[in-house]
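First comes one chain, alone, set out as structure tokens in the form predicted on its own.
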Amino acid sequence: MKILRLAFKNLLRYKRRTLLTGLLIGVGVVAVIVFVGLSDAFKGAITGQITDSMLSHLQVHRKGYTASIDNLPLDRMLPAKAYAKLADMLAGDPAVEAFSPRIKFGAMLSNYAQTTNVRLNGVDPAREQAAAPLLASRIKDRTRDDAILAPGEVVLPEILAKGMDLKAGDTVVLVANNKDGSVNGMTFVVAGMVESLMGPGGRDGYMHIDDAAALLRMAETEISEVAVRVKHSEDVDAVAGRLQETLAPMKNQAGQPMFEVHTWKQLSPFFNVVRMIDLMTLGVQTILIAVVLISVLNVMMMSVYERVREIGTLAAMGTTPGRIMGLFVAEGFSLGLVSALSGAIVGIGILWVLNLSGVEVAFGGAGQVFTLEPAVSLGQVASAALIVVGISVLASLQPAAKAARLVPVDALRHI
């Protein structure tokens, strides 16, 4: 404690230099905390939009389906018995919150004046709402409040509906080929328009799963994919791995695995953006380390140079080299600690103000706006502070070692 008190006194002897260096380090800490808070909030919000309104946390397909998923193959779907086994397994998993079977296929859409292609998802409205709870928020002009749609209704992609001048309540015809190549057509009522998002399925329409099976003339309902929502998002990878291991023994007639499991990270291109944000966070932290290292090293070297005679006097009085070294290390530690704590307090204050004022971000082709809630955990703040203090101590070692090696006679003669 005596050494720390002495270190503070020595820092205050050069108030301007200490203040400027402390401000520089503090600003770096503020930048890291604010950037981490905003980037984590952005990742969380966008990830939530993708998983909670479209993909869900993970998906289960028949082996080989995702290799040609863009073609929406009808010959690589899960048979009814395989889906029944999978449903029993998911229903018994305590980590699974909800799951929704989907029939994905392409069809021709006609409003009796124009015809175009459309991608559709046949879903059970209640199960889909549980697996993707934000889906309803993407649907505009909904004709009902109790569900996203009902049998005999279809929700069309907004961009397609606008191009064909379709509105909620209009009647359309859907024509589709089943896996045997036969054609079937049915009329539906438009129940709303769904906003587009990035990634697979971002521009798909929705209809009831029973209607999809009827349109495709399925004798037994086959499933393209099963969307699974887990109770805790941080457990997605663990649940996917466990589910893959459990499903591995189930083989098809050719002796190959029947199922394959993919998390949203493997299905969505946005995960690459998440990785880039993580790299940017690492870059900002590296810049902070460089700033602290250079700043503290410069201050401590100047301090040693200006106090050579003082160091010689201390050595001549019997102060050991280790104690002299400890004094300068304590100065670097004190400078880093005070700067880190001050920067952390200011950074948390800025995030608090941003939470009060709200940070709005537009996302998706339709420009859907949502508000970020930037925040940092205690661990992230502690990590930034420890990095600053640790680098401050490391930067002080070389000047401190130099001071400890000074010969008292030479130091006393220094001008």
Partner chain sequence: MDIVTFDNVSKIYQMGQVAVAALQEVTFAIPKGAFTALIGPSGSGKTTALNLIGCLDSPTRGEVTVAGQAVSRLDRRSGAEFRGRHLGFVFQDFNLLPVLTVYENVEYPLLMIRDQPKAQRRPAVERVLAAVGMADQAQKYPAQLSGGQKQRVAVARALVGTPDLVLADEPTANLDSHTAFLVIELMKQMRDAFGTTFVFSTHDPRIMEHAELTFRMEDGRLTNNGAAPPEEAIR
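Positions refer to the first chain, counted from 1. Please read these numbers as outputs of a predicted model, since none were measured by experiment.
The same protein also exists as the form predicted in complex with the partner chain; that form is not shown, yet it is the one meant from here on.
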_L341 versus the partner chain, in the predicted bound form: is there a non-hydrogen atom within 4.5 Å?_
no
_Residue-level contact is defined here as any heavy atom of the residue lying within 4.5 Å of the partner chain in the predicted bound form; does N10 satisfy this criterion?_
yes
*Spell out, yes or no, whether the shortest heavy atom distance between M276 and the partner chain in the predicted bound form is within 4.5 Å.*
no
*Determine whether any heavy atom of A113 comes within 4.5 Å of a heavy atom of the partner chain in the predicted bound form, and answer yes or no.*
no
*Of these, Q244, T313, N298, T187, which has a heavy atom no more than 4.5 Å from the partner chain in the predicted bound form?*
T313
*Which residue among G106, G163, G152, P321 has a heavy atom within 4.5 angstroms of the partner chain in the predicted bound form?*
P321
*If you check in the predicted bound form, do K15, L20 and L386 all have a non-hydrogen atom within 4.5 Å of the partner chain?*
no
*Residues in which of 153-161, 230-238, 268-276, 323-331 have heavy atoms within 4.5 Å of the partner chain in the predicted bound form?*
323-331
*Give, in sequence order, every residue of 382-408 that has a heavy atom within 4.5 Å of the partner chain in the predicted bound form, or say none if there are no such residues.*
A404, R405, L406, V407, P408
